[in-house]
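Next up: a single chain in structure tokens, the form predicted alone.
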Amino acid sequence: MVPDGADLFWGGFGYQRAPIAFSHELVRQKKRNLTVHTCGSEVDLEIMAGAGVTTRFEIAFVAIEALGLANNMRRRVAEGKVEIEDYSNLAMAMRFLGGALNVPFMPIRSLMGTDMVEKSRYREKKVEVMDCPFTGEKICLVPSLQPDFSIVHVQRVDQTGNAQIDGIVGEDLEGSRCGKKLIVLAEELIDEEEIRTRPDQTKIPAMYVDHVVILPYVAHPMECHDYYDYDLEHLQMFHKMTRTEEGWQEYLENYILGVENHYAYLELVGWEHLHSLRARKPWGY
């Protein structure tokens, strides 16, 4: 459903609830010229940059935390194949909130005094400074975002689309509401009665949801709180292989292009290994 050239809000934060399975499928379907807006993702952005799916990112950071820098992203930027417009985490969150509120911009103080006010790589106007009409003080404005699609990974969803998130939420509340269409990826489908027993966990009501995909281990090799931990062995392998273009192409062929779908990927990783990552109560990992 995502056409070439589309703009995407990309959910998750760091290791938590990254929509890895969605990035794999974008690669298999040979999507091109996508723009991704997110605060901070890791392996999923590396996959989309490395495979040529996404050519523009508006982000706060990208890395493989605790392991090192984002090798694919660095190569593609150096090659001139990827554009990156960087903001702070708060600035990106405010841009998503502005889109969700359907206003054209949002005020923010924390960029004052930074070179982001003067420097913009690819946007004609990245940050605007104005006099507050009420106080006369200087204030920054950042442009709101309303991308074509929001892609959000959640733990559970019911038959009508009510989606529940455990643990870190990041910017997924604002992000789920700022896109023109919302695609939710969920680890499991549950009954509406179960949703009603924990209404406080329904972070995304059905009224915002356009499409739902049910898949286990959506975030592998990243983590999903209360469902499974991150796969350190796989992450170390991924980061080591992406140090070279040849290594990345080998990973791409073996784990993404070389399998038919997400279930075939999970078969390749191995169910026994995946089950060893299952979260232990009450720790959630």
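Bear in mind the structure is a predicted one, so any value in this text is a computation, not a measurement. Only the largest set of C-alpha atoms that superpose within 1.5 Å between the two forms is called the rigid core. Residues carry their position along the shown sequence, with the first being 1.
The following text describes the form predicted together with another copy of the chain, which does not appear among the structures shown.
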{"property": "Partner proximity in the model of the complex: Asn102 to another copy of the chain, non-hydrogen atom cutoff 4.5 Å", "result": "yes"}
{"property": "Leu189, heavy atom within 4.5 angstroms of another copy of the chain in the model of the complex", "result": "no"}
{"property": "Distance check, Gln159 to another copy of the chain in the model of the complex, heavy atom within 4.5 Å", "result": "no"}
{"property": "Distance check, Val212 to another copy of the chain in the model of the complex, heavy atom within 4.5 Å", "result": "no"}
{"property": "Residues in 128 to 150 with any heavy atom within 4.5 Å of another copy of the chain in the model of the complex", "result": "Glu128, Met130, Cys132, Pro133, Phe134, Thr135, Glu137, Ile139, Leu141, Val142, Pro143"}
{"property": "Cα displacement of Gln201 between this form and the one not shown reaching 2 Å, rigid core superposed", "result": "yes"}
